[in-house]
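Next up is one chain by itself, shown in structure tokens, the form predicted on its own.
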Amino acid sequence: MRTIDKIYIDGQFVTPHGQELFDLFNPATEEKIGQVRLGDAVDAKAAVAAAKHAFPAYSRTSKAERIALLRRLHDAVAARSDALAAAMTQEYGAPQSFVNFSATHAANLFLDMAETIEAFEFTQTVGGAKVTLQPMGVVAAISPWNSNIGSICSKLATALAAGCTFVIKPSEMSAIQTQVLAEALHEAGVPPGVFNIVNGRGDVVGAELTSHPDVAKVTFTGSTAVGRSIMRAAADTMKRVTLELGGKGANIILPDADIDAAVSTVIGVGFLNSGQACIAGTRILAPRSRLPLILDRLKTAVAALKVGESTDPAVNVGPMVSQKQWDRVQNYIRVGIEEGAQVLIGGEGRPAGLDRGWFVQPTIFTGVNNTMRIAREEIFGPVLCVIPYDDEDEAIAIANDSPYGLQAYVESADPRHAHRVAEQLEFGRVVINGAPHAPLAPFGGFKQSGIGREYGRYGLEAHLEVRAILG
């Protein structure tokens, strides 16, 4: 049993003012594995005060000093990658492929941002004006449970590269991961107050951070509903916001695609992170002319997936993070059936042989049209739907007919054809034929999938204010 009773403020692990205890569970066994003591509004205020006090000195650091700090943070997090992976396995239960990527990715985010500012000019000349791009001030960040360590490191690396100071409210459901990461970050020797971590509820600590007058910017990853509330709270003091919100990604299988290769990619990105991913390709758009073959291949591929505890490296799909999330996914499977969709494979309940743990059967629906709830709402679990189309224009129209626009996918044997289709999609990112992650490329959404971009120079610029001096 793990007890986490400290938060991190002004360079020290301190006991929070908040008294509430929050239980932590292993989602694969449903067993209680620990407790975390949550901070409250008093703690959030103290963290903001520490960040505000540290800002003047830190904002004046040179590019070389920030690069050196980012590299130290990389080394410190990389040294704890095994502990981070173990914490993520126990507390979250993601498949090992995602766990191992996440632990390495979290450390590398600091190097990515060091590379970004090495080539970035913070002072520029435009006509007869001197233009400076300067840090905004205190950045408040809120990170999600499905990618806790990566989200913390991404937001922290960007803020520090820009010269901002930082307060984060991580998911309280990820407290063990957060603690391991906080210990690693502390070891890097960051000046006191430059970064601060307050465990707590969104409606308590998150609400204080998003309304606090000394916070200049809020960066949030999570649901669209919460993103709207953050925008409203931030408006009173004109805070800058970066919001990475929900998704309902389309994956268009073009008629010229190699079906076996396409289905392999479709399954990989559809069930990514056990389906608990905003970037998952959950709407499979299939040409009607090849639909029977595609459905046959999909059914075979899903039947071969292994569901279970992520301690088994052969597992492809792990548990949902909580009972609440399991119930949510089960409800959507029932909704799909009630709407008239047919279950190609999967369905309600746990997979055979798993009588405990918040496991969901990987499920694919057929007979789906784009007006159904299962095609329009983010389920956040291993549930995909197949939507047939007759021609390319219809496929593009269906893909774009969504309130979301985060990440889409195109499968084609002809890269030029795939690019022509990709350029017509209303999504912040489009991935062709399962292309690998591009760490410096911008990430963010169109429409209700968010505002602003993260990663690389686009994420950096979102933390900078522009000042022009003439004469």
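Quick note: we count residues from 1 along the sequence shown, nothing fancier. As the structure is a prediction and not an experimental result, all values here were calculated from the model.
Missing here is the form predicted together with nicotinamide-adenine-dinucleotide; even so, the following discussion is about that form.
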item: Location of nicotinamide-adenine-dinucleotide contact in the model of the complex, chosen stretch of 113 to 121, 72 to 80, 179 to 187, 204 to 212 [non-hydrogen atom, 4.5 Å]; value: 204 to 212
item: nicotinamide-adenine-dinucleotide in the model of the complex reached by all of 286, 386 and 405, non-hydrogen atom within 4.5 Å; value: no
item: Residue (of 374, 272, 253, 245) lying close to nicotinamide-adenine-dinucleotide in the model of the complex, criterion heavy atoms within 4.5 Å; value: 245
item: Proximity to nicotinamide-adenine-dinucleotide in the model of the complex, single hit among 144, 357, 95, 135 (heavy atom within 4.5 Å); value: 144
item: Contact of residue 332 with nicotinamide-adenine-dinucleotide in the model of the complex (heavy atom, 4.5 Å); value: no
item: Touches nicotinamide-adenine-dinucleotide in the model of the complex: residue 362 (any heavy atom, 4.5 Å); value: no
item: Close approach of residue 229 to nicotinamide-adenine-dinucleotide in the model of the complex, 4.5 Å, heavy atom; value: yes
item: Contact test in the model of the complex: residue 55 vs nicotinamide-adenine-dinucleotide, heavy atoms, 4.5 Å; value: no
item: Members of 407 to 443 lying within 4.5 angstroms of nicotinamide-adenine-dinucleotide, judged by heavy atom, in the model of the complex; value: 443
